[in-house]
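Before any questions on binding or motion, here is one chain by itself as structure tokens, the form predicted alone.
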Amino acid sequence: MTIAVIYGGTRQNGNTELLTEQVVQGIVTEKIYLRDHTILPIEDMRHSQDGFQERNDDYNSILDRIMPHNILLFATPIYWYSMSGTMKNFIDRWSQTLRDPKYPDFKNKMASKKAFVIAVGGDDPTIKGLPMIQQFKHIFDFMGTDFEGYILGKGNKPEDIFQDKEALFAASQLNNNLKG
């Protein structure tokens, strides 16, 4: 079992990152900070005769890093009641990868993985973050990925997450689960 963490936050040591670090404490993981990479928005060419064109960015190198792992943790702040734009750009590009001859088994490989979502927001996230969780569930269902669970935490200002005892408890439980 190997784990990749895909961090979608733009702020170093933001609340989502801090909560996620509680989840993976003591576990060897591959950490991918999307903020450190250029991921261009998808250019939807599904119906064009030429199809999708290669984008000159870091997306494929990130994909190559996550593909070998069995478990994926998607960590994103809740921005306007959804995932961060950085995370959305990354996932939107999966449409292109599904048709990319360099990744002929992309969907099958994603179907062999387990996924978790860790998200923190400031405006009643345990309720208002649920539509985002539903969005991730639909994404994982489409890909055939097992959606194993999620943690929603409350935090707005730096380090607020350390006041959310329920989220911290859930993080410790998931940590124990992942350690197996």
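This is a predicted model, so every value here is computed, not measured. Counting begins at 1, following the sequence as shown.
The protein also exists as the form predicted in complex with a further copy of the same chain; that form is not presented, and the subsequent description refers to it.
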Lys128, Arg65, Lys113, Lys31 - the one with a heavy atom within 4.5 Å of a further copy of the same chain in the predicted complex: Lys128
Partner proximity in the predicted complex: Ala75 to a further copy of the same chain, non-hydrogen atom cutoff 4.5 Å: no
Interface membership of Asn156, a further copy of the same chain in the predicted complex, 4.5 Å heavy atom rule: yes
Partner proximity in the predicted complex: Gln173 to a further copy of the same chain, non-hydrogen atom cutoff 4.5 Å: yes
a further copy of the same chain contact at His69 in the predicted complex, heavy atom, 4.5 Å: no
Partner contacts for 63 to 91, taking a further copy of the same chain in the predicted complex and a 4.5 Å heavy atom cut-off: Tyr79, Trp80, Tyr81, Ser82, Met83, Ser84, Gly85, Thr86, Lys88, Asn89, Ile91
